[in-house]
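Just one chain is shown here, as structure tokens, and it is the form predicted alone.
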């Protein structure tokens, strides 16, 4: 076995696991607070990567900026825009349908995702083709034993894990997080205790959508390109990871994201055709869901969000 190639597969799996976990956490937040599945989440991720690209290109037109400053501004712009979009989706599409059948919310968010995807394709210049994403991270490598680790890859892994950790601590340790957990457990009782239900829902959708934008930027930084329909695939994976981990559990979403990436890595090692790795991963996930329909952590973690 070529151990250098194996090392690369492992590193690639870690990057994918971080990205998938960030997407899955968003699905878990939305479901935990409002019992809804927001199927436009993957397309919000894609729109976030395009927002960062637009900000980076605009800065390059203004003059020479340090790479780190370009990255920070582009990232903050993407997160802010997608967080705002998330609050608008919650306020004008999701909350008004709270008393409607769940299928209505599922359908309207699915159509919204299609609208976002097609809007990027139609209105971004030459939007149907893959777009090169700026190389905003250092590309030197560290040699650790027989393993070569690129600095940009390490930064993406550490940055994504830190974002997930900070969000988890915020949910568990802050007043906002306590309010989110209270609304997730019992919305009516939370209202009686003086918690502003609408504000918490809007804040939760802003958090999840901002995290999706971060995942989209990480995806662009790693692959050095973005495409208008990539969000659909990442959304399906993120939702699958959230369900297989236990929809409503933050830890389950993280485990599900890394599990899916691990299965893809195993598939890439076993099969010579790259596309087979996705087929293998989805088949195993289907088998796990048939075995544990309520998720891997449903029994040992009953607290939602």
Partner chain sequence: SSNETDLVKIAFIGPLTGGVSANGIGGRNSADLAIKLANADTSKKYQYELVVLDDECKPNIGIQVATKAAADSKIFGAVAHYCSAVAVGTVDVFHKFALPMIVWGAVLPEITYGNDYPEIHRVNGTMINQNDVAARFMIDQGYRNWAIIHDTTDYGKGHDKYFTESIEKYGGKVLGRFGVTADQQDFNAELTKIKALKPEVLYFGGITPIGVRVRTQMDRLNIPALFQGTSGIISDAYIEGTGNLSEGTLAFREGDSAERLPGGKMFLTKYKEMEYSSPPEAYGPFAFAAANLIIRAVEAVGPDRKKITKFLNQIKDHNSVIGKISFDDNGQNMVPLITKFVVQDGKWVIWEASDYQSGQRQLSR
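All figures in this text were calculated on a predicted structure; none of them were measured in a lab. Numbering follows the first chain given and starts at 1.
Beyond the structure shown, there is the form predicted in complex with its partner chain, which is absent from this document and is the topic of what follows.
Contact check for residue 14: every heavy atom lies farther than 4.5 Å from its partner chain in the predicted complex. Contact between residue 155 and its partner chain in the predicted complex is not found at the 4.5 Å heavy atom cutoff.
Though the partner is left out of this view, residue 269 does reach within 4.5 Å of its partner chain in the predicted complex, counting heavy atoms only. In the predicted complex, residue 222 approaches its partner chain with a heavy atom inside 4.5 Å. Only one of 160 to 168, 117 to 125, 206 to 214, 73 to 81 lies within 4.5 Å of its partner chain in the predicted complex by heavy atoms, and it is 117 to 125. Shown here without its partner chain, the chain has 233, 234 in 231 to 252 lying with a heavy atom within 4.5 Å of that partner in the predicted complex.
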